[in-house]
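Only one chain is shown below, in structure tokens, and it's the form predicted alone.
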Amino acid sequence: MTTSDLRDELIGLVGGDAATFYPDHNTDDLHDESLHVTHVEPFAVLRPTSTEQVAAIAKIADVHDLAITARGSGTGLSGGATPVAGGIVVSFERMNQVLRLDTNDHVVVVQPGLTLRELNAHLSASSLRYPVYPGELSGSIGGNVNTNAGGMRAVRHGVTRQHVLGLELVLANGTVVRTGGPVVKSSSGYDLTQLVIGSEGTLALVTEITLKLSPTLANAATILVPFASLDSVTRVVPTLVASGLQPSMLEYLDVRTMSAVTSAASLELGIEKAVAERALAYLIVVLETRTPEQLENDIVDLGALLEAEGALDVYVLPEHAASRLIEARERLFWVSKDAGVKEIVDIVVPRSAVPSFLEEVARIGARHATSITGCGHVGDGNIHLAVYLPDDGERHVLMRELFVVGLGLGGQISGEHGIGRDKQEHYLALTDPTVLDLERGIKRVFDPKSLLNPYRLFDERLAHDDALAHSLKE
């Protein structure tokens, strides 16, 4: 089959308005939000509207040995949606429907291209919500599944995998399978649903997702708590979590990060000048309850606990200021990007190890004569660090040191952004070889030709992509 014939076959499958081909791609389709974007040209970007079309695309790719990269909204931060030269990008932007909402079983079935914002809007008329809150509401549910997205509500509600009950999948050869279903527990064979979650599109193409929903809690308060040191913030967290108050969000920001966030949003929080001058770190706590009385009692108990643990003050923010602060925190990546950040780190360590980890971060920054600013989901140990060191070689060494420290404390390289391409070298160097062999074996079972999102995670295949890309351009 000639390149022209292949192009015609794909157009016949999805329609001319749902396909672009080299060299006429929209550049927005060719990258995610990784800070290390490289310009790579796939053969085709396709926008299917059904599982049947996705399966047909996979069958064609299998016959012609074409790599497939799944794409949601392109909001990932690790290069996971970077195309393969000469391959196919399957964009799920047109598969963005809510297929079924069951308010009795607290279940919703959606297509992968549906965004968090669209899902929230659909659920707004019900008393239910999808509680996972990665921050970027334009992110797709399919992308969240592929990276096991977490976010600010993870301390109470968990991450994506705690809310996915079932999946519809297209395998590398075009076979369609279903895993799990609208039940909250199962002891029936291997849990393939959980295996696919967080696999970054390397095992299958997700075409349908069954999600567990939670009741909406109508009463909420956001509490801002300044501390005289970052160590004080991180050391109070285990006590707060053990208190039974069940915060929905538990975030820390060092003073430089807080300043950047509030300045970018032109946000004034009413912190007294004497307190602001002493504060080196801030804790943001969100409480949610069923009744106003319960919320008021929880705020009083929280304030007493925090003051006993050395808080400089406790501020219950007005609703408008609270929502603006959370929105500003969500925009931190863009603030950091505008400021010239070179790496965004999302190492996760045990909650009790956060103080030790941040102490080592400060030492590493001092050794390299660079500042490392940060914030994070401190309630679950997921630390986000912004690294500004410009020298690529020295920054690579610094990153390896950060990962080694995190792993040494019982943590993981990525808590929610994924490995993608950006962290692959560190992941391969620092992961138990036996674990890598097991993962490669699983990959071979699902995708024997390594066509699904290659060069991610542990996949270092020596493919014929360059030659293929050249032939497809002719």
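The numbering used is simple: start at 1 and walk along the sequence shown. Since this is a predicted model, take the numbers as computed values, not measurements.
Another form, the form predicted in complex with another copy of the chain, is not on view; read the next lines as being about it.
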**Study point:** Selected contact from Glu359, Asp301, Glu327, Glu272, since only one has a non-hydrogen atom within 4.5 angstroms of another copy of the chain in the model of the complex
**Key:** Asp301
Check your understanding: Though another copy of the chain is not shown, can you say which of Ala366, Val316, Val98, Val183 has a heavy atom within 4.5 Å of it in the model of the complex?
Key -> Val183
Review point. Heavy atom to heavy atom, is Lys342 within 4.5 Å of another copy of the chain in the model of the complex?
Key: no
Review point. Should Arg290 be counted as a contact of another copy of the chain in the model of the complex, where contact means heavy atoms within 4.5 Å?
Key: yes
Review point. Taking heavy atoms only, is Ala242 within 4.5 angstroms of another copy of the chain in the model of the complex?
Key: yes
**Study point:** Contact of Gly151 with another copy of the chain in the model of the complex (heavy atom, 4.5 Å)
**Key:** yes
**Study point:** Non-hydrogen atom within 4.5 Å of another copy of the chain in the model of the complex for each of Thr20, Thr75 and Phe333
**Key:** no
Check your understanding: If contact means any heavy atom within 4.5 Å, which of 319-327, 184-192, 367-375, 115-123 contacts another copy of the chain in the model of the complex?
Key -> 184-192
Revision key, fill the gap. Applying a 4.5 angstroms cut-off on non-hydrogen atoms, the residues of 438-456 near another copy of the chain in the model of the complex are Leu438, Glu439, Gly441, Ile442, Lys443, Val445, Phe446
